[in-house]
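Take a look at this single chain in structure tokens; it is the form predicted alone.
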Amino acid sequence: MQRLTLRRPDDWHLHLRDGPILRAVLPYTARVFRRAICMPNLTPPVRTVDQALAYRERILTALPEGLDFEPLMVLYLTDTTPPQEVVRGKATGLIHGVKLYPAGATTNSDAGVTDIARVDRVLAELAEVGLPLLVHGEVTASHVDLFDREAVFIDQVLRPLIARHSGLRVVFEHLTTAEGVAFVQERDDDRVAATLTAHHLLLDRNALFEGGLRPHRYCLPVLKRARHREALLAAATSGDPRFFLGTDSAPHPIGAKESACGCAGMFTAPDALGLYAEAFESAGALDKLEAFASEHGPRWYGMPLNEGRVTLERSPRRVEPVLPMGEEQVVPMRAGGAVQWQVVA
């Protein structure tokens, strides 16, 4: 197969940042994806409905003329989020979820939740009004091994949470482990879904140390063993509608990555759909890519499927070593290498 035409996809987990960085990175997504769930971990975080709607306007203002793109907004959950804010968000029709960052789990998560029990009333309200909880699924206790944090989160936090709030719907974002896949698949309903990134489908933790330490391949949740990557790829290509595309594309300036305490995140937006095509092709499952990229997510969120189409072509292209990002520069995934599939229309 040399060309592949898909219904226009959506990105159900995206970091756009703000200001000059937003203006630089937004076009990469908006040229290909019709909608995206926009992460709220700005500085300061997007905690309130008013802040989320203001951020939405900044995104739309930064959108280049002629691009048809809809930002889907999310509230940042804190220990002190009032349940009424969830009700307000639902009423706007423009807030599509509430994001749980365990405090200290990843970039700009210091204002996140310190103890899940502190937000129990908010979780109950989410279940009541029908807004999903979008989860960064890791514990942060220092005694838990970094590579085990997702599995421990499932047992210590997510299972009890799901049992306690029977109506709550959850997206387990950027799933990285076989245990996470099994948790989604063992259920007989669609209350729990998961997004999968291209980098976790294509790379295992050896990629962090290929020829030396590779800071631009450092992300959170961190890349895992090969057996976990294989489980993720099997889930993505299974046709199970509870798994769908979420790039977790996360741009950082070069200096923030190449430092004594480098930031976590991989910038995949410039070639996101092509990278997913590579992963699906490696599993002999290009015929499953459209459902994963364009159908499962909107159906789970209760949104219409997109009407437009995008066409991918097998046409290897060298990836630029660096890209401009406002006054800074950013290193994209596969920098200096090649991507096999290109969006051509």
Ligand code: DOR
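All residue numbers are counted from 1 along the displayed sequence. Because the structure is a prediction, the values reported are computed rather than measured.
One more form of this protein should be noted, the form predicted in complex with the named molecule, which is absent from this view; the next part is about it.
- Annotated contact segment (heavy atom within 4.5 Å of the named molecule in the predicted bound form): 99 to 107, selected among 99 to 107, 270 to 278, 178 to 186, 68 to 76.
- Put simply, Asn41 is close to the named molecule in the predicted bound form: some heavy atom of it is within 4.5 Å.
- Put simply, Ala250 is close to the named molecule in the predicted bound form: some heavy atom of it is within 4.5 Å.
- Remark: Arg334 does not count among the residues lining the named molecule in the predicted bound form, judged by a heavy atom distance of 4.5 Å or less.
- Shown alone here, Val122 lies farther than 4.5 Å from the named molecule in the predicted bound form, counting heavy atoms only.
- For the options Gly112, Gly265, Gly246, Gly89, the residue carrying a heavy atom within 4.5 angstroms of the named molecule in the predicted bound form is Gly265.
- Out of the listed residues Val152, Ile254, Leu208, Leu220, Leu220 is the one that sits within 4.5 Å of the named molecule in the predicted bound form by at least one heavy atom.
- Although the named molecule is omitted here, in the predicted bound form none of Arg8, Arg35 and His296 has a heavy atom within 4.5 Å of it.
- Within 4.5 angstroms of the named molecule in the predicted bound form, the stretch 11 to 44 places a non-hydrogen atom from each of His15, Arg17, Asn41, taken in sequence order.
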